[in-house]
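What follows is one chain in structure tokens, specifically the form predicted alone.
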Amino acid sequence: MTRFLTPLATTLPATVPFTGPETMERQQGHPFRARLGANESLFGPSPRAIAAMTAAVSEVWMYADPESHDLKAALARHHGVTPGHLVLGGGIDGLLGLLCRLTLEPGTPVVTSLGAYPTFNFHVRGFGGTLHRVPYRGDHEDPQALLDAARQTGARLIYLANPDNPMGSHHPAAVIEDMVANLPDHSLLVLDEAYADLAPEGSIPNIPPDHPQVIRLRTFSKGYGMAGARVGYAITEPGLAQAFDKVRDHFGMGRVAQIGALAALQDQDWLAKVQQRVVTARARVTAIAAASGLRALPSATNFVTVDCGQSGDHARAILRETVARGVFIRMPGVAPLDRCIRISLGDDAALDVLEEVLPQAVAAAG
């Protein structure tokens, strides 16, 4: 059947960037006791969003508004931009795929960090782009190294997440603003701000929405607790925003998701409560790690990356033993980041299980 595929498609592996916890549960034959690996929000969405989505279920026979007019208008007011500056789509992952389709052709150079969000790499390869990756500097992505590599390669896209996944670190706003001021003319900065709603004050840069070389990506999956609804959006200059209409799936976001996201956005009090619960959970995971002889890294996200203090093999052993005891977690996949494990934040019940299991896993891993 491969005779029907394009030459590019025949070279690509059939893979999923992340193994889902459901796949692992099927392999194990039982569910996880605590689901702390996918950076979902165990605190859930706003009750107002749940009510709105529940009411909308009876309308699911209708297509969603292909222009997402109401949600787009509300987001424009929230961010102080015009609706023309916004693109809505099926999560940040879906928007990254559309952006790569718009900007890449076989051989187009792209710069990212070695160990950064793998779904971006997945889409770049899927459209034939050539990836150039620079190492992290300590536990942070290195903006200067990304700029240097972009100049050397002529990169069309530069990908940076702030706050960062998988390390949970962040750069102050001034660092990102300086990076934007020094972008080479041929590069578009893809600024992934999935965790912006949970970042410390002073983390989010002031970038004019009309800036011609920046596209910022946001989501309802993290702070708003709607990962399963797949609602993401981009903020960028209107010319690029309109270009997405050339390639996007105009019914790619369901009606129930649109209605839920609008209700979630209108309940900023709930988001504030989640932000406080995230701070409390960060402190508890940090303490749980310390009690097992591990060091939690500072986090600006809804997960904590924990330095296991030795090699990647040692961290993988701890991960394996943790998963075997019913707690789903993940870890960075590239050295030297793979000396760590990554634990999503959760409610008290989930963290009680983690507190029980993690010291057992560390002891079993030796």
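Please read these numbers as outputs of a predicted model, since none were measured by experiment. The numbering used is simple: start at 1 and walk along the sequence shown.
A second form of this protein, the form predicted in complex with another copy of the chain, is not displayed here; the remarks below concern that form.
The stretch from 312-320, 42-50, 332-340, 293-301 that comes within 4.5 Å of another copy of the chain in the model of the complex, counting heavy atoms only, is 42-50. Checked against another copy of the chain in the model of the complex, the residues 273, 133, 101, 79 give one hit for a heavy atom within 4.5 Å, which is 101. Listed residues 140, 284, 277, 186 were compared with another copy of the chain in the model of the complex; 186 is the one with a heavy atom within 4.5 Å.
Shown alone here, residue 38 lies within 4.5 Å of another copy of the chain in the model of the complex, counting heavy atoms only. With a 4.5 Å cutoff on heavy atoms, residue 233 does not count as touching another copy of the chain in the model of the complex; it lies far away. Heavy atoms of residue 363 never reach within 4.5 Å of another copy of the chain in the model of the complex, leaving it off the interface.
In the model of the complex, another copy of the chain sits within 4.5 Å of a heavy atom belonging to residue 247. Residues from 132-150 do not approach another copy of the chain in the model of the complex: none has a non-hydrogen atom within 4.5 Å of it.
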